[in-house]
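In structure tokens, the next block holds one chain alone, the form predicted alone.
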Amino acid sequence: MKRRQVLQRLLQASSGLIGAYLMASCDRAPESPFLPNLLTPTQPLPDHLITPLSEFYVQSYGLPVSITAEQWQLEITGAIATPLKLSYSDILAAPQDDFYLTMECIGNPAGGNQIGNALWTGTSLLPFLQKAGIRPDAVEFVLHGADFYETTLPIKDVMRSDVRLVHQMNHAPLTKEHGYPVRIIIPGHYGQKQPKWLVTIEAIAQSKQGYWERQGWSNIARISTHALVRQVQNTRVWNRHNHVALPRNGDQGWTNGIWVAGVAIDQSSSIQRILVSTDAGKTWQPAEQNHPASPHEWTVWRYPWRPNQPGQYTLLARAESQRETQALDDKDSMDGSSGVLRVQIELEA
């Protein structure tokens, strides 16, 4: 058996255990709450809410790969006219741009923490693909990572000008855990379609499924329209911490009003409205929101709630994009969750 096959089997055998560890670590709530001005009515909502690298979720097929920029090479091969091999220097020499994009794991449950927004730096993949010359019989690209991970996408999904080869997050080089030295960014898709440590782009003439797709996860993996509640007063909420008790008086007292904040995202269109319900979905009110220039960056929102009596409340938030309205569903799916997190609020007498 070849060394590559041995390594691949070892990685595949360990991927379940490693994946379980990473899923657990991804689901931890960040220690810090949202920026203070999200909960300060006199301060405007920020244009961009960036996730610090220390809080950005990590999900991998196997162990993170240690590869230097000098060692790294990207091969474009398969059903093409001219095979290409690109070095890290080739990527840096191409025109660069910064762009905001929200990355989310397809396994992120309703209200989960496997989502983050970053300022990425990289270059468009399209000129390299055009130089290689994709043959007319090619139907898909197989994207291979140095960890032997692979996934596929139709030719048209990858040959877009906004698909990029990136080497920085938040003006810092990618960390090993996030794909150093180069990963691919394909807007509108969950993270499963955007391999880290990208080393091969293979054009193929017959469709196939990638690793996670063979395990039953979506082969399309397009992001659904959904809103996430992230904070109630100074309490961070998520799917494993969705019960909040607030005192009657004091700095966090509910009689002074309650601020709720969160984010919303769609695969390809702008978020038009975020609606908030404090009575388990019987009535809805619009929240204040920002309006990012890119539909691939999350929308930040906040809502002032002024309850008039103590008791138990169920808080919901849902998003409406130009494409669709988020369904009132709390079920998770292998197509990616668009479920609504139900936050249980106790207002003390």
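Remember, it's a predicted structure, so these values are computed and weren't measured experimentally. Heads up: residue numbers just count along the shown sequence, starting at 1.
The following text describes the form predicted in complex with a small molecule, which does not appear among the structures shown.
- Using a 4.5 angstroms threshold between heavy atoms, Gly191 counts as touching the small molecule in the predicted complex.
- In the predicted complex, Ala132 stays away from the small molecule, with no heavy atom inside 4.5 Å.
- Put simply, Ser321 is far from the small molecule in the predicted complex: not one heavy atom of it is within 4.5 Å.
- The closest heavy atom approach of Val58 to the small molecule in the predicted complex falls within 4.5 Å.
- Among the residues Trp72, Trp238, Tyr149, Tyr180, the one placing a heavy atom within 4.5 Å of the small molecule in the predicted complex is Tyr149.
- Listed residues Ala221, Cys105, Val232, Leu275 were compared with the small molecule in the predicted complex; Cys105 is the one with a heavy atom within 4.5 Å.
- The partner is not drawn, yet in the predicted complex one stretch among 153 to 161, 80 to 88, 251 to 259, 193 to 201 has residues with heavy atoms inside 4.5 Å of the small molecule: 193 to 201.
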